[in-house]
Structures are given as structure tokens and as C-alpha cells.
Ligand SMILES: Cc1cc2nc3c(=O)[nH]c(=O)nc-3n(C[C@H](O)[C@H](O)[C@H](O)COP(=O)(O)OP(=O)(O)OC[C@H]3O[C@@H](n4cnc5c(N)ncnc54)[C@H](O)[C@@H]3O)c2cc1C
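The chain below stands alone and is given in C-alpha cells; this is the form predicted on its own.
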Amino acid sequence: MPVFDDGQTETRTPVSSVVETDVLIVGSGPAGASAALLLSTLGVDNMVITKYRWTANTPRAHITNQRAMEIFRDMGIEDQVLADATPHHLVGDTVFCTSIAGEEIGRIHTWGTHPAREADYQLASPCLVVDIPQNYLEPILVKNATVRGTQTRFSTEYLSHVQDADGVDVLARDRLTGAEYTIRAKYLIGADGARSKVAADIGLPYEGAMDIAGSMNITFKADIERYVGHRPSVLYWVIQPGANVGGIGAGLVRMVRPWNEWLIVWGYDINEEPPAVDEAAATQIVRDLLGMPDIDVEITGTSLWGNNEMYAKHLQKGRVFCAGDAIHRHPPSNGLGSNTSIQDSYNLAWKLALVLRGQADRSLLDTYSAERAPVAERIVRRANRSSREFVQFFEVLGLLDATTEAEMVAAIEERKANTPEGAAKRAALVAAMELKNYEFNAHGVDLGQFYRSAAIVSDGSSLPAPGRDADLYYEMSTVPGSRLPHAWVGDTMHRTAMMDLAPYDRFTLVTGIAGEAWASVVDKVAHEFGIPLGTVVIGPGQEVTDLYYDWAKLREIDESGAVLVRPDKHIAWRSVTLPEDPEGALRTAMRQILGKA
């Protein structure tokens, strides 16, 4: 033992080979980083490991829908995301053309930017769709998670795990030193992507297939504002001879940053050898799709990826859960990937927090699969269906029967002709363009996620029959299992969204003046179960008033009734009126939700 000059001896603390945490998260993508941020916000000890040295180095996912933005709002980082995002009004003039500088076949207002659809989006949420590439979003999530308490370890690879009755032992490797060590966690979240090793290790049951089509990304820099600034969008679809990209259906020029950073999606036959594209070949592809043979471009990268059609039918085993692309694998159509991944974590994190604190039974965690597996299936099916619907464009334009470049050009040109064939093609194009609403304006898919599980107490009612297409249109409801409807409430000086009244760290009971008796009941039940449970009374003379009388039209209950909102803003239970024994009614509901029935 070393002796210092002053005669004192050095005391060394033995280094343990086991690192401990409550929740270990494998992967720092949208699902993993969101899980870390949510858990740290709730005060849950957690750690993220990723085998990569930093966050995403390519744009990847980008469309960020209203539900994801609501989660960022709930976490207090909405302003940070908006500061790095392309705003709503610049994302939506999706163009179909023969090249960026060439002829335009048509445009469609997308992501809720059509004047008739924007009202739907504005009425449904305090947030709007924006575009933020994954390599900009991930650092925001990781930074905020780490600042709030997450232990984040890059260049750290998950190798395997063993779970027992009390926790999970994960074997990890430091990729810088090669040293292997054990991380002991009470729960493990596998957010390690579409080829998840965690999911494979627990044997999740899947349906579908991987790598059904091949695509290549080419990222580049070029200032083409002259050709796109007047029709701002994040997506420009190029239909031209040689631009077919397998499962996606057309060459895609995607905006990364307006209007000088771009990504092209180019296809290849996945059954053949993967292409090796050098800078010269990549430059030629870029120039062809831009329709600018002499433009100077800076190629910044290329990568290959496969289109998938696979979803997990169950999302967990014991103390191990999977989230994100590990459980839903699909093409980028509809912009659902990162959004759904973030929502997976939003569903799971508060449940883990309650169980870890002893406030809920472990059976609450079983509701994660019950609620999110149907969502995984729905979005995988929707994204792949949208991808396949592109074939109608080729069929309408007459490209499926064309065998040469000249025939393809002639087929596209025919839409201009003053002939019966030209008129028929123009009419068919109207229908084909309308069909793309199911990819670009599927508001019901974005927000219409309805949960059925033991953490939802049914009142015997069901969702009203949709008055409009359930994929295209979202309809608000307070039927238990629904997302909390949006309305603006507040007082003379402040306007507040309904979701802001129900923060992520508690359950919230919302009632009216005639239901003031709920307040004392809530305090008793909260104390009995030892859970955070708040009351909001909405009405004139209260701290919160129904500014536009919209909540009164949306609540679907009497003023004396109540809706119980979960931390993730889904309705857990409701009482249409004030019952004779409100305390007993609320106690019974909470007992079921917390798994203590």
C-alpha cells in the first residue's frame, strides 16, 4: 500500500466488475434515447449503452408527427426540437416530377398542409408536423437525458443477458479496450434496431419478412433553391426511366436542410450483389434525378438498406422489453418509424417507474405488449401498403408495359394529348394522386391509437362509428383507451393545452364545477395507493376555464363526471356522472390500473 510523504497511506476502493442500474437501455436511437429521457425525467436510475461512438451520422428518419411533438412538449424540449427543425409550412408541397428541373406531373399538399386538412391537424393537437433529420434529433434527446441523470456509454456493445427473479445481468464489451463487464439492471430495454440482438435473445415472435427490397441512400450538398423554394417540401418524387427503386417505386430526392443538403433514395435488386457506387456514379445519379447535368455537387455519403415488412406479436419476456425498430420494421412510407418508436417508450417508461417504486404491481408491465403490439402491426401494414400503392402511378402513366426508355417517355407525354387516351390518363392521375393521401395525410394512423388492456378500465362503451375514413381522419373521444382530446383552456391571461394539465409524472382527474366533490376523493385515493394523482376542475371562476367551450363539446360526460388521464395522455377510466360513491368508484378503477385488483 503506497505511503505518502506525510506518512498517510492511500486507501483504494476496490473496483467492482459489476455496474448497477435500475433500467438498462441498449441503443441510443429515437426509442432508446426517448426511454432514457423519459425515465430520467421521472427520476428513475437508468443507463444507455450503444456500440457506436456517437449518435446517428446520417439523416435517416425525419418526419416528426404531432404525437411525437406532443411527447417532446411534455418533456420540456419542444423548443429545442423546433429550433433545429424545418417548420410545418415548409414540409408539405410534395412534388411528382420527371426531374427536379424537369416537368412536373403534379403536387399534393402533405403532412396536413392542405388548407382543408390543416384545420383537422390544428384542432387535434397543440403541435404540428415538422421535419427534423435523425442526426439532429438524437443529440437533443441524448443530451437532455444525460443532463437529467442518464448514464450514457458510447462504444459499449451489448453481448448477451441472463435474467432471474430479481433482475437482468447484461454482459457488455468496451469497444475501445476490449474489456468485458457485467451491468446488473432490474429491467432491460432492447432498442437496438431492426436487427435487434436483444429481441433475438428473448425469442420475440415475429410475422413478416425482412429485406423485401433494396435501397441506397446518397447524401449530397447542392444549392437548388431556385427549383424548389417556390414549392417547398421535404420530398420530391422523380418518375423517369431508370429511377425505379424496387419497393419504394420512384427515385426520391429528400430535403435534409433547406435548400442545400439533400438525400437521394435509389434502388437495387436485393436478390443480386449489392452495388458498389463510387463518387462518380453517385454524382451521375444525383445529376440525373435533379435534371441538372452540369451541377456541382458534393457527395457526403452512401449507404445501403433493406425494406422490411415485419412486426413483433409480443414485445417482452420477463424483465426484458423491446421497442422501436426492434418490434416494427417497415419502409419509410407515412413517416411512422421514429414517431412510433418514441411512442413505444412513452408508453413503457411511466409503467416501469410505478413498478420500480412499488406503486404498481409488475402485471402493469404486461400491458405494454397488449397496447403497443397492435400499433406495431398497424403501422407496418400501413407503411407497406402505401409503398405498394405507388404502383398505381406507374400503371396510370403506362410505364408498366413500357420496355424501352423511348416508350416510357412517350407514355409520360401522353397525359398531355388532346385524345381520348390522354383524357383517360389525366382522369386516372387525379385518382392516383388522391390515393397518396393514405401515405402523406393519414392523420388517423398518426393519432388514432386506441388501447385495450388491463390498464384501461372500460365503461362498456365503444368508440363511435367513424364518420370519415379512420386512416385519413382522426376523431377525438374520451372513451377509455382513447388519447386525451385536445382543447385550449386557461384563464384571462394564459392559454393552455389540455395535455399540459396532465403532466407525465402523475395521473390526472379532470372534472367540472358540478364535480368538485372529486377533489377530496382524489386526495384520499392518492394517499391510499401512494401515487401522484392530481385534480383539475374546469369552469368559470376556477383556475382553469373552458376558454372556447370546446372541452364541453369534447368531454362526452356530464359536468359532474370525470375522466382519469394516464401519464401518457390516454384515458384510463371515466365516470359519466358523479356516482353515489365516487371514492369507491375511483379506488376500484385505480386498483385495476395499478394491477392491484
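As the structure is a prediction and not an experimental result, all values here were calculated from the model. A residue's number is simply how far along the shown sequence it sits, counting from 1.
The form predicted together with this ligand is left out here; the points below concern that form.
Of the stretches 564-572, 38-46, 536-544, 58-66, only 58-66 has residues with a heavy atom within 4.5 Å of this ligand in the predicted complex.
The partner is absent here, but in the predicted complex a heavy atom of R254, alone among R483, K436, R319, R254, sits within 4.5 Å of this ligand. With the partner omitted here, the residue from N441, S233, S386, S341 that has a non-hydrogen atom within 4.5 angstroms of this ligand in the predicted complex is S341. Contact annotation for Y268: none of its heavy atoms lies within 4.5 Å of this ligand in the predicted complex. Although the partner is absent from this view, E371 stays clear of this ligand in the predicted complex, with no non-hydrogen atom inside 4.5 angstroms. The closest heavy atom approach of T156 to this ligand in the predicted complex falls within 4.5 Å. In the predicted complex, E309 stays away from this ligand, with no heavy atom inside 4.5 Å. Taking a 4.5 Å heavy atom cutoff to this ligand in the predicted complex, none of the residues in 451-486 make contact.
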